[in-house]
Ligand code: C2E
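Starting off, we have a lone chain in the form predicted on its own, written out as structure tokens.
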Amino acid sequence: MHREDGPDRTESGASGLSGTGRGHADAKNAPTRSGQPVGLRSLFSRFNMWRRNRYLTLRAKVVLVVTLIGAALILLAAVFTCMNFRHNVNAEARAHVNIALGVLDQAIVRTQSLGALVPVLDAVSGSPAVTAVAIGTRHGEVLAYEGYQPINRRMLAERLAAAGRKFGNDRTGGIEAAGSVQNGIQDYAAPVALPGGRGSGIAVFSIDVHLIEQSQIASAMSMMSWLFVLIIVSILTISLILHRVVVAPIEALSGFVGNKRRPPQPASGMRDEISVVTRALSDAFADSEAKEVMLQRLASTDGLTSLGNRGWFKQSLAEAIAEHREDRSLVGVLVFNLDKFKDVNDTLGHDAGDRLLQRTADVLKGCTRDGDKIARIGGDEFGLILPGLRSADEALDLSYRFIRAVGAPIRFGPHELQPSCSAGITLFPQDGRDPDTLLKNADLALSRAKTEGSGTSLLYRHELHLRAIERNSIERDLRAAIRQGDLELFYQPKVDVASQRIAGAEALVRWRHPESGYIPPDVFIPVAEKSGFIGELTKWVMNEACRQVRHWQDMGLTRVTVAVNVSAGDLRRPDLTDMIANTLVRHSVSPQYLELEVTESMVMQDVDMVIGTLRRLRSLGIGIGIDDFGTGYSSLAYLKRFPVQRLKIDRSFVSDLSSFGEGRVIPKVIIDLAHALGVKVVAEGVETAEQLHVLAELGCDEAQGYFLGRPMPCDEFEAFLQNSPVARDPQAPSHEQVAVRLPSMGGSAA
């Protein structure tokens, strides 16, 4: 036991009653972490960049929020556990002080001197958690001390004085902590009555807080564990509830919107915001799907006939090809075209044309088999897909069945119409293996069928494709030929039969192809007419012929009339008269040296328009001749109205002149008819002297053919004129002809 007056305790180390409090001061002087600080502006800019470039899903946001809430709750639980731990430690320490104070108060009541309290103080200081007990006056005088550690009397006196000032004269004041914890020891002060009536004093108890903390740690850890488990379970429960109630429905809606699929309608009893949004999205998707279906139907349907259009037809054809690619059955593609449909629109009106198209669509639909598909693929064109055919003959029979059905009479008010159509047929896989090729081949067959007459159906043949390629090549090369100067005019002389003198010449265009040589006119002229290029070709021929006539006249050669052939397309041109007049003026050629030849069948198309054009040309002084007369269907009434100067007998009649009897009848009738109308007659294709002799007997005016002179280039024809007897007679009248030497009437062709 240590006495209060022990000299060795005065200079000893610090006890629990004398804490120095240096720990906080040392903590303030801790060194800071070295390194370059990061500016706030840089941090904010990086965060904003991350936020702009980062896409957080709703699930990630919910997980982040719930994690932050869980972390905050765990932090709060840790703080609460620490505070509760500290409270329990303080409460237990005060309980020990109360027990010791109660024992001390009972002992003071029974004793009258401080010496009698020494055993009691020694017993109290030996109780659990109490390490020392001291009694002193309120002024700081230490009266008694017992404990297991040295005492700093000066520090203890200061504590007693401070407690005395705090409690004042109150003898029943509570227990107060005196100073801070030092080395695990906490001092508590309380007022006590001094023995022997000496007044009131202060009792200071040193409590081993570390010992109490050791006993409370297990309880605190258990509490913290239960709190952590409760928080984690709560967070998981809340997360599951949020996922099921909020995240999952919204993710489902997002998935439907992203995949452009209609979300399911919510249950009728649901009345929350998500159900409202889901119902609105479902209705919007339903409207969008309905509109999309309607647009697809409109995009693939012909508005007039309610049939599929060309795009739908090609798609259906591709599906049929894919379906029958493996088996050996054929897929037929038929393309129908109404004949002379434009005439219906022009004569009866477009309403009648629309009714005819609708009626044709109904007829075709009524004739189709199960599995056949029909579409309107053009203005007056219909396409049919016929899967499962066994042979080409079956496709041909079906096409004529459709043609007969469409050809039934139809009445438009007082008018009865007898429609007709043509058809082109192609077959998969022998004619093509894709929709574009099959449609192209069917169109080629249709074009060929229309040239053979109304109501014709033709199967596609490979030579049609070759002919189409050849036509395209000819058209392309012909356009280049005019630019490159590959075209040339040949001139074939016309001879007066009676005087055997040159009456004129016919200009014949020749094409000298750089690779294929000379190409016959009957090859490229039809291509030029069909492609619409004939106008440029005629303009070139007219310009070249007038230029050559001017050249010959400048040379002083006999002035001869040059005949130029014009096409039906040329006669329909409103600027034909102006073009010819400008050409004549440009080359200073008199119109009397130009003659235009038109075929008989050509002038019978749009008779009134043709007559007007020919009369305007004739008013300029240009001669008009009808070529191939007798092969067409000229009306004598129209022939009388035509301003014609010459009729040209076709070579087919001239070739029969060698036979007696019937071979001379038609030429004789034509010659007599022309002379009766005041028109001269020219016979073409004269190949023998016998033919020329017969023509002379029949009264024919002029003749041309290989017997009289073959078509010659301009330089050869120029030499031909120069060698004539009156080639350079400057006084010869404009109508004077050049004599030519002919072989005897019994000679052979030259």
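The numbering used is simple: start at 1 and walk along the sequence shown. Being a predicted model, the structure only gives us computed values, none of them experimental.
Just so you know, the form predicted in complex with this ligand exists too; it's not on screen, but the next bit is about it.
Taking the partner from the other structure, this ligand in the model of the complex has no heavy atom within 4.5 Å of any heavy atom of D380. A residue is said to contact a partner when one of its heavy atoms sits within 4.5 Å of a partner heavy atom; P521 meets this definition for this ligand in the model of the complex. Residue contact check for E146: none of its heavy atoms lie within 4.5 Å of this ligand in the model of the complex.
Although the partner is absent from this view, E702 stays clear of this ligand in the model of the complex, with no non-hydrogen atom inside 4.5 angstroms. This chain appears without its partner; in the model of the complex, the one residue of V541, V192, A78, V246 with a heavy atom within 4.5 Å of this ligand is V541. Taking E600, E506, D443, D477 one by one, only a single residue has any non-hydrogen atom within 4.5 Å of this ligand in the model of the complex, and it is E506. Screening 692-700, 714-722, 57-65, 677-685 for residues having heavy atoms within 4.5 Å of this ligand in the model of the complex returns a single hit, 677-685. In the model of the complex, the residues of 538-573 lying within 4.5 Å of this ligand by at least one heavy atom are, in order, V541, N565, V566, S567.
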